[in-house]
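In the block that follows, a single chain appears as structure tokens, in the form predicted on its own.
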Amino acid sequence: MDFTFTPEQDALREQARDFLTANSEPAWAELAELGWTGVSVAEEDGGAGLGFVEEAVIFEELGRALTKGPYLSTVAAVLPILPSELQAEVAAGEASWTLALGPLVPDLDTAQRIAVVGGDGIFELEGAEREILQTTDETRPLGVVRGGAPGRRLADSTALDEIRPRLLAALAIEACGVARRALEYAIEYAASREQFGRRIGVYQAVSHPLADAYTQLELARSLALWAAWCVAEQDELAPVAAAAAKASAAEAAVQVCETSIQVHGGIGFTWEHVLHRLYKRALWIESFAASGTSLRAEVAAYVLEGKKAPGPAPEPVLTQGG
């Protein structure tokens, strides 16, 4: 079996990187014009009719660019459970969504609509008040919804079994994009910064941690891409693959960012450098949805018992000062 990216997937990555380099905060309508909001939407509904692997390519580049917007919440969490006519609205850039699984809701400042779990189904929440909270990552704040009432029924509550692997896999591959950019900054700096007449990259105290960071990232990325493939193919291993990928990739992203900050020395700790923003996104991903400890427990249960352990409810994310 050939696991390399197709020419079309490579072209999508190149397009995404070029666009996000030139547009730091693209509008939802711009993403729709590029076809990103409808990657997995059926062609008859205005989408591209592709799958989650192609979406994973975009998730990785969005993480690398620290893009602000409701793409994660819409595409990873809500899109697959929407009726076809609502999927068509997403593909056209006419609607974006977030999902209220717990008390803290991501992308509440940019998502136009809210899906909420209630009773035996998932519904559109109508008339709710939104309060946006500050988090460590200013590009992805959390919010609290108050009041409102369930409106249109979107799906049965059993759809949560489909949402969770997608969300964890998306977070994993996004974490890889964050780590990739942090490592690139470190390599660029180590190759240009000189101390005692030599570039600092020749010193083992710098080169060895960078080699370890690269290894950790590549292992995590392989796992994240496997999880993305499992989700795309609706493989029975998708839940455990996504759990393993999120645990590994999130922790790798935090470690790679910390290594990059150390390599940069004093400049790496300043607000003038983008590294602190990458680090905060890595910490956000590590904290959101489920901790590495709980996810590894699920993987262990699968390995030891031959079955997937029940996934825990999403864990709350600590906000600054909270």
Partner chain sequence: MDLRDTAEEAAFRAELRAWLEENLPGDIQGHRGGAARFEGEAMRAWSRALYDAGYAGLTWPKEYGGGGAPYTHQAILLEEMARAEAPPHVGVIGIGMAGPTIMAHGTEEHKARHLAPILSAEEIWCQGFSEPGAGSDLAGVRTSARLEDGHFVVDGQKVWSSFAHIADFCILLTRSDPESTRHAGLTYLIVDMKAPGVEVRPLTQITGEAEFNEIFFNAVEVPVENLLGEVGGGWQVAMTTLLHERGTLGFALQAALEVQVRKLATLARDRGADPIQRDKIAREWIEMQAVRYTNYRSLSQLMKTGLPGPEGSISKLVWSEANQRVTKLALELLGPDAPLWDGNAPYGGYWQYQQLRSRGNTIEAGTSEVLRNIVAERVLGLPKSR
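Computed from a prediction, not measured in an experiment: that's the story for all the values here. Residue numbers count along the first chain shown, from 1.
Not on display, but discussed next: the form predicted together with its partner chain.
In the predicted complex, L20 stays away from its partner chain, with no heavy atom inside 4.5 Å. The closest heavy atom approach of S157 to its partner chain in the predicted complex falls outside 4.5 Å.
Looking at T270, you'd find every heavy atom of it more than 4.5 angstroms from its partner chain in the predicted complex. For the chain shown alone, W226 is a contact residue for its partner chain in the predicted complex, at least one non-hydrogen atom being within 4.5 angstroms. Figure note: of the listed segments 73 to 81, 129 to 137, 229 to 237, 148 to 156, the one touching its partner chain in the predicted complex, with heavy atoms no more than 4.5 Å away, is 229 to 237. Contact annotation: of the candidates E162, E94, D109, D212, the single residue with a non-hydrogen atom within 4.5 angstroms of its partner chain in the predicted complex is D212. Looking at 239 to 256, the residues that come within 4.5 Å of its partner chain in the predicted complex, counting any heavy atom, are V240, A244, S248, E251.
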